[in-house]
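One chain comes next, on its own, written as structure tokens: the form predicted alone.
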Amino acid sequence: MSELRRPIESGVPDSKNFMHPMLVKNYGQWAWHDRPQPGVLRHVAKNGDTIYTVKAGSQRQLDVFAIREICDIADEFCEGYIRFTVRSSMEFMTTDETKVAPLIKRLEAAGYPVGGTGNSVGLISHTQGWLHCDIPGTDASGVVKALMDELFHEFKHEEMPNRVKITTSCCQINCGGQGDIAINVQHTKPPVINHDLVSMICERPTVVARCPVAAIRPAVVNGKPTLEVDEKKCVCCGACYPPCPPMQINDPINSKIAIWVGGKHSSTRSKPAFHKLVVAGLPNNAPRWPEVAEVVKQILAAYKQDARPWERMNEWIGRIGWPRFFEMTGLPFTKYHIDNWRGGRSNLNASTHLHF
């Protein structure tokens, strides 16, 4: 028996420990790949070895029953090998082509749709929501479930001009990241402070330091040390709430949903881009968020109809212009779409491209 590998306290874990043997054997030796059908990838190595990957959607937040069911499917068709993408899609790998069709049938019967490859709407990445995060103004995972129920067809079929990456964030700190379409919470009122609890619960210097615009300062109310907010400076981001729950900013009426478009992380075809606000003030209407779903479907329908092949969302908007975008989607343009932040100019010029 070989000696167990000692743990490495830094760096990325060795991915090959859990990789399919065929992938390990041909690591870095792949000759070509294609998509025989939506949801299926075929990779062929230089020596002729072939492996098939079937991609299926998950609900991301998996219970024990679902995990056991997924593992049973992997044991039955894929020698127990499965991996999850960063967007929580499941990828089942097999070297036996005859198992591909039965695997797809088994996944669909279990409620896991096969798709998400090629030019389709992939699974929506999202922040933790009410289940784990201490700051959320909405439940991002709930928005994702409701929205993917509406976009089921677009996940299973390759009918989009390019891949569409949608993100959701529970708050305006936006750890969900940039996306072709991004759905973020929009707090519209400063926090309401319970001064009787601040001194007992909050470490006030930490709260003051956490505010990104220096809008919070120490104060004394009714003889007790507390905090106060300069509402002229406050940007209603909600960063003060996690270290100090008595500074409640979530509100059933004044916490809204905003939709942004045109974000892009990669530098393929065009440079990375920040997303831009297109809809503000949508109701945070759990558990199905119908108003959000309707706007997202409007944007996707216009993009699907008018964009050229391989144009990402921001490239399409850049070609037709913002006036035409609002005209095609039927969305209203308001004063809130105008970016008057003084630092915006330098940020909008940011790029990973080299300039000479």
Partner chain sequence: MSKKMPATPLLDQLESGPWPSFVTGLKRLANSKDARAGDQVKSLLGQLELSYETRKGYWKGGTVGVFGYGAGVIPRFSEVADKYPESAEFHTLRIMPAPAFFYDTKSLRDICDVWEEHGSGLIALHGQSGDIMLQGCTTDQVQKAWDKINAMGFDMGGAGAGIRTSAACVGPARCEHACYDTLTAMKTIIDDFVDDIHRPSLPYKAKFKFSGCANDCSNATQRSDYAIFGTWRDDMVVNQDEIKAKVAQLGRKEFINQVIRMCPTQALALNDDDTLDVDNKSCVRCMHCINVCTKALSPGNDRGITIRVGGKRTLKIGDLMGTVVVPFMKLDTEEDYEALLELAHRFLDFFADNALEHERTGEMIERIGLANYLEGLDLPLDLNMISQPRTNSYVRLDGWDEEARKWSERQTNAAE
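Numbering follows the first chain given and starts at 1. Just so it is clear, the model here is predicted, and its values are computed rather than measured.
The discussion below concerns the form predicted in complex with its partner chain, not included here.
Looking at residue 118, you'd find every heavy atom of it more than 4.5 angstroms from its partner chain in the model of the complex.
Contact annotation for residue 12: at least one heavy atom lies within 4.5 Å of its partner chain in the model of the complex.
In the model of the complex, at least one heavy atom of residue 63 sits within 4.5 Å of its partner chain. When contacts are judged by a 4.5 Å heavy atom cut-off, residue 288 counts as touching its partner chain in the model of the complex. Taken together, 95, 159 and 329 are entirely out of contact with its partner chain in the model of the complex: none brings a heavy atom within 4.5 Å.
Residue in contact with its partner chain in the model of the complex (any heavy atom within 4.5 Å), chosen from 195, 106, 99, 83: 83. In the model of the complex, 209, 210, 211, 212 are the residues of 209-228 with at least one heavy atom within 4.5 Å of its partner chain, listed from first to last.
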